[in-house]
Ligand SMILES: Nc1ncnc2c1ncn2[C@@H]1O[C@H](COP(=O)(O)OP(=O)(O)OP(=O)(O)O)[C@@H](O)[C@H]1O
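Encoded as structure tokens, the following chain is the form predicted on its own, with no partner shown.
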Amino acid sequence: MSKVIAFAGKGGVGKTTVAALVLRHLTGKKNGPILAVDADPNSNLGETLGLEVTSTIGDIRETYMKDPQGIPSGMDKVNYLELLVEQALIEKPAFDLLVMGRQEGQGCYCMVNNILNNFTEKLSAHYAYMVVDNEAGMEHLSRRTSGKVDMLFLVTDYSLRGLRAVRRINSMLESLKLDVKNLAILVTRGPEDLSEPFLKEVAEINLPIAGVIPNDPELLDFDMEKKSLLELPDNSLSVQAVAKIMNEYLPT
């Protein structure tokens, strides 16, 4: 079973950027194959990695629901859907990427979801690590990892609004029946010394701060130049911050 590292937080706090930076860290360690999963409907993990995404799990689900009888002759629906998932998997030398994509439309998706969920879980068993960029609600996480998460980072920028979103996400964990081994807050675009009001809010949430990723001008430069964050230099401020966090919370 792969080690699951997941990220959740409200939109705009840098969650996807952090997921890409953690993926960069893990690929540099070369401790086994890695599956990156973009489970945010606003899918842009591929962009931060310099990859073009042409098919998602959501696309597969909608295509099947529009024409359930459109299965090739001699193939059952389970094998057909599993084949489509394999074709949607973006395979790179250091990692593979699977994008969940759009949310469900109208109608009953139970059967097709069960097939897709079972296959993605079987797929993840072939990887040493699974890095999951989640939507704030984390429904994908609860459905596709048997509820077991080795490290869940609740990501916030340096704002009280971001922290309050973290509080709400933390409060819903029990209802999602997630088995989280390690749970911590990760702060993006923060100063070296966090303010008293910020730390007071953190104390009320009662979770540790895994670390702070400072403002890194190189992140903006890479975004403007449409360059993969995997190409960031080792001396990048954000790369060094993530390495410190990972070495403490998930040493490899």
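It should be emphasised that the depicted structure is a prediction, and the values quoted were computed from it without experimental measurement. Each residue number is its position in the shown sequence, starting from 1.
If you look for the form predicted in complex with this ligand, you will not find it shown, but the lines that follow are about it.
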Within 4.5 Å of this ligand in the model of the complex by heavy atoms, the stretch out of 22 to 30, 220 to 228, 53 to 61, 192 to 200 is 220 to 228
4.5 Å heavy atom contact, I213 and this ligand in the model of the complex: yes
Those residues of 163 to 181 with a non-hydrogen atom no more than 4.5 Å from this ligand in the model of the complex are none
